[in-house]
Every structure is written in structure tokens, then in C-alpha cells.
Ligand SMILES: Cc1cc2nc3c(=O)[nH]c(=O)nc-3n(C[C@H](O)[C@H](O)[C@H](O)COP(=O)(O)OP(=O)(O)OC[C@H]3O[C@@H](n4cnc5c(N)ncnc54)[C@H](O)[C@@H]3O)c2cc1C
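One chain comes next, on its own, written as C-alpha cells: the form predicted alone.
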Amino acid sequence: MGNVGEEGSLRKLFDFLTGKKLEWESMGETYDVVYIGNDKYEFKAGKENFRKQLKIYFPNETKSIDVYLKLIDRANRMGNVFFFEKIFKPILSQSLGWLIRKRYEVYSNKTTAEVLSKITSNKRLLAVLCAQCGNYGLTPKHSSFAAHAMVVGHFMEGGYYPTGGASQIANKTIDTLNENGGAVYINAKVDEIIIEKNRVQGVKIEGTFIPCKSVISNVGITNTFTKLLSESARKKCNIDLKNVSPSSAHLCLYLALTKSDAALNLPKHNVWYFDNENIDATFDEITLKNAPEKFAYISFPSAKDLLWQEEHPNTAIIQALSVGNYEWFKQYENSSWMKRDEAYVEIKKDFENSMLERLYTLFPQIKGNILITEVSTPLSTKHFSNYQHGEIYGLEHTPTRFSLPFLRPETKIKGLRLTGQDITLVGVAGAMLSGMLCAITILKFRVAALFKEMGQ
């Protein structure tokens, strides 16, 4: 996570949601390292440190780097206004909101490649600037520059990891919900949101009807409108997803090691590996057989977590992922988790071996120290998250996404609201921001009390 340091813009919101029980550990001076072939580039925490380091790598591109950082700042300032507009009522959205959206189109309606190609023609610099594209799931020629700018800006002051692991974000938030009289149910499959006379009447959970006047859906636009609503209700909302696709899927190798991160000299920072500087061509050429050879993202959760060695002494874990196209696994989609064909198991084993070779090249010290391996595919994502194409980022972050008028907390059905990363932007921060916007539409003029309580 970014922006959660003591002065980070998201810290107060996290403190509010978790009663200040969630603690964060900095990943240090370097939060991401990019490999392009054998060349290495470090991303330093802090805008001026980031700028200085880039200029060391690219001394003839100092002006381009300055222009780039200015563009990131400008896009994100306008982006904050763009997302806030999503709480406007229709009459205000059609007047002032129209102007806000029009101004933001300078950034959102252009691809990352289109914007950056006007700054520099240096292919290696372009590759380094776009190396974090996996964080929003699209390469430069397909992604909206607005998404690129938001993600880059999010991490500009460095990366942080929740003490005790990523699960603590949910655990501490659930504690707050329970303390405020809420209740969280798991393994409770929602079959349908019941709508009558354009009003929410309740939800049906595994055949049981639960009456309620308000539903907030966090399962994504596609799942909400294609899985949980009747056809008549969908038509009322005028939701058209023909021009936007699901985001990318992935394959991931999970490793448990027999020594600690310190003993193996493993880093806190994340690693982005590309076999060459043409990111778009690289992703176009990726197949099931060569994915880790072309691209890999590697993370070291145990190295980031202060409590790991207390709870799991003399061990470490690594996550290493690459692109995983859902179509590669479609023939197995009707089989059950843990009961799929032997051919599917062999595919996973081939990926494991290929990714291990990539890891051994970058971190040879782990060889001979592997205790457990496991591989997930887009079908795993579908099984656990119920995203129909194994996507991890909801709707893809193309320029078209930013022009969709229905990506707002309030719908045309009374009592039905939306939240989650589809409404704003990818990831925990995007989902949390969408939750805040949704809360504002409910609280209306009482929202001032909420911000006061948050200390904003």
C-alpha cells in the first residue's frame, strides 16, 4: 500500500476504519526494483528521490523526467475532482459534472503510450516509467493514462505493508464493524437482489429471502448486473458493458522456504522483470509456455512483515506471478476445484518449473531451500472470488472505462448502491475510496460529522 505513512493521505481513513489498530511497516528506501533483461532500476521513496534516481539512470532525459512528474501531479489533482463528482445528483452531474469530466479527458481519454510518447522517444526510459503497469493490468498502448498516473502517484512516497499480513486489513475492519453493531457472514451465497416497482425489497441467500430497503453491492459491476438482478431491473439501469472487458488474469507460484528472509538475504521490495524494453510487444508474445520467461512480478510478504518471524520462525514466503489468460484454461472451467483433469495439473507444474527458473536466475540462494509450492490459475481466482473470467482488477482500465456514466455509487434503482474498485480505481485504495463516496451519498448533509470523527 502507498499513502499510509504517518502523513499519508489514506492513513486517517485506515485509522478510522480499524480504530487505529492496524499498523504499517515501511518497505524502506527502495520499494520497487525493475529488471529489463539484465539491467536493474530502483524506484526510490519520495518524489525528489525518485526524480534524482531516474536522472542518474537517464542523464540526457532530465527535462522529460521533470515533465513526466508534473503530468502525474496534474492528472491526479484533476482525478480527485473527477472521482468526487461521482456523488453528484443527476442535475448537478449534467451541468458542473460535465465540465469536470471534460477537463479530465485530457488524461483519461488517452492511453499511457500516447501521453508518454510526447514526452520522450527513449524506449528504455518509457519501459522503466511503465514498469508498474501490472498494478493496473494493462500495457501502455491499452491503458488509460489516468489509471497509470493514479497508481504511480499512489506509491510515489513509498510502499508499506500491514503488520501481521494483508489479512489484517480485513480482520481489523471487521472488528470495527462488530463493535458498531454490524455482522459479517461468510459462505453466504447471494442468489438475487429482489427488486419490485424499481425499489430494493431484499436479497435471496441460498433460497432464503431477507427483506431490506437498501443493498450495497461490492461484487463488481458485471456480477451485480448479470448475476444478481433480473433482466427488467438491468434494463432500468441502462448498463452497457459491450465496450469494456474484464481486466487481466494471472498465474501465481506460492513458495514456502526453509530459512528466514534474513538468512536468505531476500528483499522487502517488489521485483518487476521484463525480458526486453518493449512492454507491449512482450505481453503480445506471452503464451502459456513462456510467460515467466517474458514477464514476472515477485513479492516477499514475509520480509515485509515485522511479525512473521515471531509466528513462523526460520521460514519465508515468496509470491511470483505472470500473465494468465483465462482462455488458456477455459476447457477446464466446468471441473471442480482440486478435482480438475491431470492435464490441468501438468500445466500448473510446467508453470511452476518455468517460474522457478526465473527465480533461480534472480535469487539463486533460494535453490535447495524450498519447502512447499502451490500454483493458482485464473480458475482459482474464479473459484474463490467469483469473477467469471478470473480477472483480478474488475473492469479493465482503458480510456473507455473512464467514460462509462454508470460507474457511480448510486443506481437508477432506489435502495441499490455500488462500491468496490469498479466504481473508482483498482486495488484496496480504490475500493476504500469508493466506499467513502458511497457513504457520502447515504449520509448527505450529515457527512460533515463523519469527516470530523475521522479528523479530516
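Numbers follow the displayed sequence, beginning with 1. Please read these numbers as outputs of a predicted model, since none were measured by experiment.
There is also a form predicted together with this ligand; it is not shown, and the following applies to it.
Partner contacts here mean any heavy atom within 4.5 Å of this ligand in the predicted complex, and among 38-46, 383-391, 405-413, 53-61 they occur only in 383-391.
Taking a 4.5 Å heavy atom cutoff to this ligand in the predicted complex, the contact residue among L228, V244, I239, L126 is L228.
Proximity to this ligand in the predicted complex, defined as a heavy atom within 4.5 Å, singles out one entry of L362, A256, L264, V219, which is V219. Contact check for K294: every heavy atom lies farther than 4.5 Å from this ligand in the predicted complex.
In the predicted complex, Q421 approaches this ligand with a heavy atom inside 4.5 Å. In the predicted complex, at least one heavy atom of V190 sits within 4.5 Å of this ligand. Of the heavy atoms in G427, some are within 4.5 Å of this ligand in the predicted complex.
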